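Shown next are two forms of a single protein chain, provided one at a time as structure tokens under the names structure 1 and structure 2.
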Structure 1
Amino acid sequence: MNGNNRTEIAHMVLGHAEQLLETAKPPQIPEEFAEDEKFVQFHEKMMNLREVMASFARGDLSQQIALRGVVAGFCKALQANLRHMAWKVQQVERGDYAQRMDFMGDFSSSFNKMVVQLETTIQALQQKEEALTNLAVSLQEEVKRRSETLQKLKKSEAEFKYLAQHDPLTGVFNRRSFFSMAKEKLENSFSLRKGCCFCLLDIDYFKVFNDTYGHVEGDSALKFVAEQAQLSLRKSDIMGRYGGEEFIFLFCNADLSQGYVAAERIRAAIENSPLKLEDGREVTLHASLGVAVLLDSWADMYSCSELQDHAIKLADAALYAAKAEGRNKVCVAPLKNICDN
């Protein structure tokens, strides 16, 4: 082999090596070296190195490196570092912000700064989340307190309104509320050209009852009479405590006979339902009632207040008549216009 031939062969080998390093498509083994074992081994080593580097470029770190020597050692070291780096990134992803690297040069420095910043940001977000959670809990507690306070206030308002309108002992309308409601019902009945009846009730011998059984049982007797009377009323009728042991009723849309029937129903209910005392004894109560009627035609001449006062006077006179006739009785007042007084 002369000098020219050796140079030509060397150039062919170098050219093949350059193609293995630079071209995307690896070259075939030249025919001239197909049977040269050394050349074929060199070609296969370079192909193996291309494959390893290509797998690194794709992010595939599973490639087995069968080469030996310093380049293969560099590749193995790079593969091990990349695997370790991937593991550390996975730990950070799982929340372990204590991970640091010192084997990848500038990349390690950037990685460490990124982890520190990420940990700081995560801690800040956690603190804000905790603050928001505490704020939400505080708001919920405040809303709950305000809701409870509002419910108590509404309950108190309802209780105050009830107490302002009702007799605290018997639960029926107090005198002021009764007359306020009676005025509305009278106007409504008169507008329908219907009459109404007022009725007064007085418990018979109530002072004797109190003296005999005491004031506690006396209060029970008042509540009992109120309950029996209310059970006997129609929905349109109203009842109030007139004072002491006296109660007052307005029977709406009722003439004198209907007013008598309503009063008699109340009297009978009281008589036929004995009061049970605290000691177990039973006592029968009686009541006297007086009824007076108001004609709707009178509404054209007199005010509701005038008619109301007139009817109550007549009912009161009828009540005294019932007392005079032996008590436990209903008496009706004779039909009498205001102008007849």
Structure 2
Amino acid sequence: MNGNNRTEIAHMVLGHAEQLLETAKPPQIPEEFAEDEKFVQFHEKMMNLREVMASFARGDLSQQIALRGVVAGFCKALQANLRHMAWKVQQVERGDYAQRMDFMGDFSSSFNKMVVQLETTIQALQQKEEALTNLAVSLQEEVKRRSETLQKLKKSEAEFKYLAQHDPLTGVFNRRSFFSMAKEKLENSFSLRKGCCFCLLDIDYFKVFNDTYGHVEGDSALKFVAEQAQLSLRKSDIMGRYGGEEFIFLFCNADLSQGYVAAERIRAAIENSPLKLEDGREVTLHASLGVAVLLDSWADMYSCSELQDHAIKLADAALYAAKAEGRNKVCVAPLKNICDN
């Protein structure tokens, strides 16, 4: 083999090695070396290295590296390190923030910072979540407390309203709320072109009753009369305590005869059910009633309070007549215009 020949062969071999390192498509073994065992072995080693590097580039770290020597050693170290990194990341993924790395240069320091940051962030999030949960709980408690307070307030408001509107002894409307209710009901009846009756009730011989049985029984008698009267009322009628042993009624949508019937029903109820005293004795109470009517046609000419005053005056006169006629009786006031007063 002369010098030229040797150089030519060396260049061929080096050219092949270069192609193995550089070309995208792997070169074929030249015909001249197809039978050369050393050459074929080198070609195969390089091909193996290409495959290993290609699989790393694809992210496949499972490749078995059969090669030996320092380059293969570096490949194996790289493979081992990358696999270890993947394992570390998996540990972090399952919540182990104590993981740290101390190799692979910049990657390690970034990884370590990331894990610390991740742990801090997650802790902050957990604290926030906990705080939110606590807040929600205390908010719920606050809402509960408030709605309980509100309910109590509503209840006491209702109780207060009831007390303000009702006579504490008999439970019927007190005078003020009777007249405010009556005004509404009157307006309503007049708008429907219906008349109404006012009625006054006075318990007969109540002073004698009080003197005989005492004030406690007197109070019982007042309660009893109120009860009997209320039981006899129609739904639309209202009743109030007028003063002392006197009660007042408004019978809505009633003419004079209907008013008389309503009053008579009350009188009879009182007479027909005896009052039981504390000591067990029974006493029959009586009451006198006077009824007066208000015609709806008057509503165009007079105010509610004028009409009310007029009717009460008439009812009072009728009550006086009932008393005069021997008590335990209903008297109706004759129809009389306001201007006739």
Partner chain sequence: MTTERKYTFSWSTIGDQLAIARPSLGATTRVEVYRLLQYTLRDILEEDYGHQKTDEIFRRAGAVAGREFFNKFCTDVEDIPGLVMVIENKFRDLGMGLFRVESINLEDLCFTLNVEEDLDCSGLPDTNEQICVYDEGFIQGILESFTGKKFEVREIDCWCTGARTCRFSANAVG
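Because the structure is predicted, anything quoted here is derived from the model rather than measured. For numbering, take structure 1's sequence and count from 1. We call the rigid core the largest set of C-alpha positions that still match within 1.5 Å between the two forms.
Undergrad: Between the two structures, is it 1 or 2 that corresponds to the form predicted in complex with its partner chain?
TA: Structure 2, not 1.
Undergrad: Please identify the hinge among 56, 215, 187, 151, treating the change between structures 1 and 2 as motion between two rigid parts.
TA: That leaves 151 as the hinge residue.
Undergrad: Angle of the smaller rigid domain relative to the larger one between structures 1 and 2, in °, please.
TA: Rotation between the two rigid parts between structures 1 and 2 amounts to 20 degrees.
Undergrad: Rigid core superposed: how many angstrom does the CA of residue 147 shift between structures 1 and 2?
TA: Comparing the two forms, residue 147 shifts 5.1 Å at C-alpha.
Undergrad: Quick one: how many Å does the C-alpha of residue 121 shift between structures 1 and 2 once the rigid core is superposed?
TA: Taking the core as reference, the C-alpha of residue 121 is shifted 15.6 Å.
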